[in-house]
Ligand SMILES: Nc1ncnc2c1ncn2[C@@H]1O[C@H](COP(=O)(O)OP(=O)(O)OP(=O)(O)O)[C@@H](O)[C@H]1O
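Before any questions on binding or motion, here is one chain by itself as structure tokens, the form predicted alone.
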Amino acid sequence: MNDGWIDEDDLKEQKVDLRLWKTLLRYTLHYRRTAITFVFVAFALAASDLGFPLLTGLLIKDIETDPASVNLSFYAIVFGLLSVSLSASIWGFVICAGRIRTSVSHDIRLDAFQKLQQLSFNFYDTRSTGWLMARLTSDCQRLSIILAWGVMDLIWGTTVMSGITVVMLVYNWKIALAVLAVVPFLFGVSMYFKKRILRTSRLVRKTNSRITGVYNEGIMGVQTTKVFVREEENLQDFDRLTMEMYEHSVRNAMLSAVYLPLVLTIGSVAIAAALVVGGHQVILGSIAIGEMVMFMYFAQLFFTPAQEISAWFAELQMAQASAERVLSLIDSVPEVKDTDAVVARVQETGSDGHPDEIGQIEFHNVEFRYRDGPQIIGNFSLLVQPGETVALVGATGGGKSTIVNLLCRFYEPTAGQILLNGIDYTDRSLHWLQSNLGIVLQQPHLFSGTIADNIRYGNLSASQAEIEESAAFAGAHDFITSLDKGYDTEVGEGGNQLSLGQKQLVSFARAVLKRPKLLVMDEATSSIDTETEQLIQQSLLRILEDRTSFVIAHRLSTIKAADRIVVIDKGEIQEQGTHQELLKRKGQYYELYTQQAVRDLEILDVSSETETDSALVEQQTKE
């Protein structure tokens, strides 16, 4: 089982990047009204917390000085008001934090998904499903929590601690220094644990991505697993992966479990120091008992937000890995995109400034390689006239699909040019080009929904009549109407409620509905039975008429009517011509066609058309 692609950033040891969190904080600031209320509530909560020790100290001091003159009603009213303020602040705390958390989570996921729609194919070539799913789910959730509750705790905690520091220094600087003397130790402990918690957190997140990827592969490949009886081996592989996750998670939890008690211990030391220094001054008569009680209250209260901030800081370190991962996705730049000049023209005029037609297509000395891999296409040159049907044939791995992917601008040549009507296609709008494409792949993908929804994917504004017309054109109408719910039949996830051939017919109808100027068919009829293929061949004659098209086919009988057949091997053109011309030439195409005809004769009852072609081959062999 494949563990999935591992991002090198997951393995790097980095410091907590405040600039990164500043970028993420902007998601919170999108909701200014709620954020302002958020801050106000935090200050109100801090003020309420500070009020109780002050009021308690004053009450004890008044009772100690002159018990008979104490106005208990006044203290009762003030205590009541503080309680109401505290309750209202906590209520506002929960409302604001919950609202910001939900909104921020929505915005981060939306931006991440939008970026996934924009990124080039080569981005997905090197990222596993688990890597991507982890960013859109657990990573986004963790960040939304830290940006809502974490920020609130930080504002409230720093306000309370600052207020307590000021009040203690004003009342008695000696006791205040005794309490604050432990702060450097608290800082040192935090720094010590920071790197260790962050490292284990990254390992947890990395392993979680791998587990998600394995889950996805296990579900998608369940049939293969059962056919090869791999259940036990897959379970063992998964068990090793989950044990790795367990070990990293336990290590991470242990570090956090040790860190927080240390903070509590340091807080207890501060309270003891306040008790010793303050008790000594009470004995000397320097301060009243009420003030001593107030300082004890303040010392305890000082480390309550310190504990919360320490916990938040530990969570911040763990969330650093998630923040890096999510922003690395959101900040990713598509390798295939419009140039600045094209973007400027589109913004000014609404178009890229060129005629709305495909016209002549020219591959001029095109070369291509995937990243640092071997060269796939080398010095490829081909001129295609408008309305011409070009078939690409050759051995598997020869570069046929790569050429089509370059034409569709899913990738761009590493050298050379692809020209549309003499214009480099990088000077055309990417949206314009791909809006004029119709593509039918060997492995069609259908989305959850009805058959009608999937056909309408080619033209969202299409009417039901247009959908049915396209389905009939593609030979799909008969099988669709034979279903109980017809066009309203649910296809299931990935179209799993339909056979592979039926999915292919639906994808064909989807491409037809789009009315593309450039049609690409990559092994489009390989999953369709012979009878259905004959129906599609008849439709193809109408579909391909006056439309430039590229057809990739291993089943050579499907491309005999092409205007030109191009034989490709190792990314280079070996020969080209019509079906008849290439047979007469007795080159590589002749060998491919002869071998395939022999295999078909051994396996199938050959149709009359195939018999005619076989006779032609036999006759030319004699010649």
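In this text, residue numbers run from 1 along the sequence as written. All of these numbers come straight from a predicted model, not from anything done at the bench.
Another form, the form predicted in complex with the named molecule, is not on view; read the next lines as being about it.
Contact between residue 398 and the named molecule in the predicted complex is found at the 4.5 Å heavy atom cutoff. Though the partner is left out of this view, residue 323 does not reach within 4.5 Å of the named molecule in the predicted complex, counting heavy atoms only.
Interface residue remark: residue 313 is not counted as part of the site for the named molecule in the predicted complex, having no heavy atom within 4.5 Å. The named molecule in the predicted complex is not approached by residue 507, whose heavy atoms all lie more than 4.5 angstroms from it. Remark: of stretches 401-409, 164-172, 280-288, 464-472, the one touching the named molecule in the predicted complex is 401-409 (heavy atom within 4.5 Å). For the candidate set 146, 182, 551, 376, a heavy atom within 4.5 Å of the named molecule in the predicted complex is found for exactly one residue, namely 376. Site annotation in the predicted complex: the residue of 424, 125, 233, 357 reaching within 4.5 Å of the named molecule with a heavy atom is 125. Shown here without the named molecule, the chain has 370, 371, 376 in 347-379 lying with a heavy atom within 4.5 Å of that partner in the predicted complex.
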